[in-house]
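Let's start with one chain on its own, the form predicted alone, as structure tokens.
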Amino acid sequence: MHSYVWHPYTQMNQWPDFDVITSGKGMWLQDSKGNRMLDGVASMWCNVWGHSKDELVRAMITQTRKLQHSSLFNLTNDKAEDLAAKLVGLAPGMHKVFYSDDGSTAMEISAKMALQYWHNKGKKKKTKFVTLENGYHGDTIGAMSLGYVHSFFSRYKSTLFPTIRIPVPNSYRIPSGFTLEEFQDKCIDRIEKTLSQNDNIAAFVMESGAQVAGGVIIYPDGFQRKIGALCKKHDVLFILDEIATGFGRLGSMIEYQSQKSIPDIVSFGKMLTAGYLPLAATLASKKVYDAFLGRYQDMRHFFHGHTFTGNPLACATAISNLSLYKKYSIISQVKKRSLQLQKRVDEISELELVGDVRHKGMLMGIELVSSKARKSPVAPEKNIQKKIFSEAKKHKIYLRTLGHIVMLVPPLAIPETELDFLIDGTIDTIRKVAKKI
């Protein structure tokens, strides 16, 4: 079969064909030839319960029979209203919900919201953003500007707006002469200096709890909380991205709550609908929201919107998903599965190609290196991504790397036996690949 599909982040010249996934059940995907693979990356980090969860499928069918879509421009719908109430109830310090379709658009909204907030407050020169090096916030122009990963986005650099980027403490790659704690303090000091010496900064933007696409960099304890406090001290908006890290991925329902750092604006996505439909949400505090109120002729209202903003089908699915979190005590399950992952870290670390293993909750990054002593990443010409994917298939698991980092990001509800199957298969995969490069 000739395919007309252009795949994301894929060198199409390397792939003569792709496995055609035709169904999913539980933690497993099945292709057109009847082969099954355990979904080791939660279908791009968004799946919660596995595939074809009955309650979610019923919620989608029920809503489809009632209302498939209705604009949120000058109208509302019951599902958008119900979900917004639930989200505000879950997220401390948040007051209103602005819907979009995916993480990139949610972060574009965050940036636009921050810029217009200061414009509405009469502080029009506050237009700059401070971010963390190696952060990732999506693939649209604004999101790439906020989260600039050089290997991903260097080709587009001329089109991006500049930000002030601060180093992030990476326990595996601390500069010579520093301990992790000392380098964390240095990063915090630099943030303090940046915020105190520049009166044109609109917001500090960072992923909440960890950098995911940037290589699974887990923040040291207190790092995020200290940044939030500095933003408050220097009258800078604090924007958090929980697209990939919220709703249980790192072990907490609302990650910023566990980090003790209440933002002014936060975005959620990925697992909001359990990975069943596209939906994201940007939440704002009352302080931010109130700055947009006024007479129509003042033009203070938020100039942003999408065709499918607040889509009732997606919102109904999200509502059902959130009800299942409580029904099945999923956060407690995540903590158990997280301990199961942690117990295998030493075993994985001993593998020939593995330089470092970083883990929190249901997120694990396994950094592959050509030299453990020099910590040299496996070079791109080794084509490690293709080798890992192809070998993993032989072990009936679906894995995808980010460059030289193997990601384990399974559905949150994965059972103990299937998580062991995933870990065992990953270990065997890395062992086999090590013999081929």
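Sequential numbering from 1, following the sequence displayed. Because the structure is a prediction, the values reported are computed rather than measured.
This protein has a second form, the form predicted together with a small molecule, left out of what is shown; the following refers to that one.
Think of it this way: in the predicted complex, the small molecule has a heavy atom of just one of L237, V266, A244, L132 within 4.5 Å, and the residue is A244. Of the listed positions (Y117, F98, Y136, Y276), a single one reaches within 4.5 angstroms of the small molecule by any non-hydrogen atom in the predicted complex, namely Y136. Proximity to the small molecule in the predicted complex, taken as heavy atoms within 4.5 Å, picks out 102 to 110 from the listed stretches 102 to 110, 169 to 177, 305 to 313, 330 to 338.
Among residues of the shown chain, Y398 is not one whose heavy atoms approach the small molecule to within 4.5 Å in the predicted complex. Within this chain, E207 lines the site of the small molecule in the predicted complex, having a heavy atom no more than 4.5 Å away. Using a 4.5 Å cutoff between non-hydrogen atoms, R249 does not count as a contact of the small molecule in the predicted complex.
The small molecule is not shown here, and in the predicted complex it never comes within 4.5 Å of any heavy atom of W49.
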